[in-house]
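One chain follows as structure tokens, the form predicted on its own.
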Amino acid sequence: MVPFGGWGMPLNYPAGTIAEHLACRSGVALFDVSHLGSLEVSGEGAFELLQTAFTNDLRRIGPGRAQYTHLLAEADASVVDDIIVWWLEEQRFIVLPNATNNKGVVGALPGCADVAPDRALLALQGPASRSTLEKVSPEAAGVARFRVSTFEWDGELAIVAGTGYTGEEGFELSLPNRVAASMWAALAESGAEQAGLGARDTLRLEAGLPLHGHELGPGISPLDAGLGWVVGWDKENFTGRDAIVALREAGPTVRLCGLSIEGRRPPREGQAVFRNGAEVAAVTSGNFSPTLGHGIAMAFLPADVVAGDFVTLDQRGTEVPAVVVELPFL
């Protein structure tokens, strides 16, 4: 167990991180992600509140669908948090912030209800996730990618969404605490490999998915992270709109890139990145890729760097060559 965002979380289960990672890529893995926040926004004005708080445009979707979005700082368009919104009913939404940013998102949504203490959140991920969930709850297994619905489990109403953070097909299930353990047990008994924080991180890294505090956060805009599509540019108003429009007009100075390193030695956050002998960046996330069999990393490199360029990493005094690649790695 390790500390994470104020929670104690399992780094791995007895199978180990690599086995859990590979189970998700080839079969199905089960994660407890109850550390994520859950804020309910409902009633008159709920749509308008989210529409003006977050970057993405809810008019692109509708009830029964999910959307990835950002909350920006008003002054410089830094990403305060990256968020999933589940649109359940016409004026009822569930907003899922990162654990460490829950307070900031609550402040941006006056009147919201923090329902996280009353529920657990499970993530079932991998190419066999749907067939596994069908064995346990055919009703829940019917939800499509980035769709959201409700289902009944052990006499309680629960929520299922076709969302996740691994790059694989999968589901996230929000259940009342009373019945969460029985759902976990049923999914594990149906073949899901129990997986921890270690595998969750290597999976999202291979998929090129940003992690707040690494590829998103203070001083980092959606444009820096290659996530301009998360912005509803046609919206008249949202927090940070003027700042992000100004950044788009000025043009990018950096862009988030992948780095591929030969050998099994994992690159680590904070290691310096050199180009033509000059330090140009630092690794934001790095690890050994269980699927690819070598080291991979992400870094914000100068905007003129292109895929195929070569850089070097300082790995504790050893100069290690790396090639720039487009994200995702897989």
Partner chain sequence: MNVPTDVSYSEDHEWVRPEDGNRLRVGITDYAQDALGDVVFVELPVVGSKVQAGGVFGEVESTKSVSELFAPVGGTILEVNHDLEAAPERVNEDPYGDGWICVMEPMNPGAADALMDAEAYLALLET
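Residue numbers count along the first chain shown, from 1. Bear in mind the structure is a predicted one, so any value in this text is a computation, not a measurement.
One more form of this protein, predicted in complex with its partner chain, exists but is not displayed; see below.
Trainee: Among 298-306, 266-274, 65-73, 31-39, which stretch has residues whose heavy atoms lie within 4.5 Å of its partner chain in the predicted complex?
Mentor: Stretch with heavy atoms near the partner: 266-274.
Trainee: Determine whether any heavy atom of T284 comes within 4.5 Å of a heavy atom of its partner chain in the predicted complex, and answer yes or no.
Mentor: No, T284 stays farther than 4.5 Å from its partner chain in the predicted complex.
Trainee: With the cut-off set at 4.5 Å between non-hydrogen atoms, does T312 touch its partner chain in the predicted complex?
Mentor: Flag for T312 set to no.
Trainee: Would P10 count as a contact of its partner chain in the predicted complex, using a 4.5 angstroms cut-off between non-hydrogen atoms?
Mentor: No, P10 sits far enough from its partner chain in the predicted complex that none of its heavy atoms falls within 4.5 Å.
Trainee: State yes or no: in the predicted complex, is some non-hydrogen atom of P321 no more than 4.5 angstroms from a non-hydrogen atom of its partner chain?
Mentor: Contact with its partner chain, no.
Trainee: Judged by heavy atom distances of 4.5 Å or less, which residues of 18-37 approach its partner chain in the predicted complex?
Mentor: The stretch 18-37, when checked against its partner chain in the predicted complex, contributes I18, A19 at the 4.5 Å heavy-atom cut-off.
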